[in-house]
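Here's a solo chain for you in structure tokens, the form predicted alone.
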């Protein structure tokens, strides 16, 4: 049975090293290694690997530029970092041996590796980083006074709107974390259930579906983060002026 909670593989003192933490570390190593290899082998006449990376980066940069415009250079690194990590984390659960190779404890299989995004702790951490980075970037871009004016005002109506904005920031964390976790966790349960009944051929369509789901969820999380950053790095009075112009 697939556990809702990630399982501990070993302990470092009081700290639990779970299968999702190991998966996260392996993904980090892959990303750093790929970046190192690319950085060491950049050429004026690119090879196949560099060409593929440049095409992907260019495509996503244009997407980010269409949303964030002049602020793209500040926002794009966050957008791309979230996308790459979440995509690899989502797809890691589809690899042979992940969720299936491990040891038995109290009659239950404890997998050594498990997709990190199937753990609510990971998705909650990603959501908190996304929201925190958004607000830090907002303060750096528009200044503390403009930033605070979004939430606090002497005008009662604007103050009420500011309170709603604060509540919406809390719901962002809940929405981002549970959407990603729910889709990946549910997908892995479906794959595990189907594979335990029919080991050959029938799981393939579900596997292909999860490949698409993993890509879509990585895009949704990273693009929502990019949109939030684009909004919060725009001065509040500029947004109000644009809203008034749109109404007229």
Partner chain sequence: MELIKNFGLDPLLLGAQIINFLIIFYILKRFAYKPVLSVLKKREDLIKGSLKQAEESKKILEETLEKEKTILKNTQKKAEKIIEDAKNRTQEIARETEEKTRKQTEYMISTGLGKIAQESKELEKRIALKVSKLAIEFLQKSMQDVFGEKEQKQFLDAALKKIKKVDWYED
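Everything numeric here is computed off the predicted structure, so don't read it as measured data. Residue numbers count along the first chain shown, from 1.
What follows is about the form predicted in complex with the partner chain, which we do not show.
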Just to confirm, with a 4.5 Å cut-off on non-hydrogen atoms, which of 164, 129, 109, 95 contacts the partner chain in the model of the complex? 129
My question is simply whether residue 21 lines the interface with the partner chain in the model of the complex - judged by any non-hydrogen atom within 4.5 Å. yes
Quick one: is residue 54 in contact with the partner chain in the model of the complex, heavy atoms, 4.5 Å cut-off? yes
Although the partner chain is absent from this view, report whether residue 46 comes within 4.5 Å of it in the model of the complex, heavy atoms only. yes
Residue-level contact is defined here as any heavy atom of the residue lying within 4.5 Å of the partner chain in the model of the complex; does residue 61 satisfy this criterion? yes
Segment assignment from 30 to 38, 188 to 196, 63 to 71, 204 to 212: heavy atom within 4.5 Å of the partner chain in the model of the complex: 30 to 38
Taking the partner chain in the model of the complex, which residues of 68 to 93 have any heavy atom within 4.5 Å of it? 76, 77, 78, 80, 81, 82, 84, 85
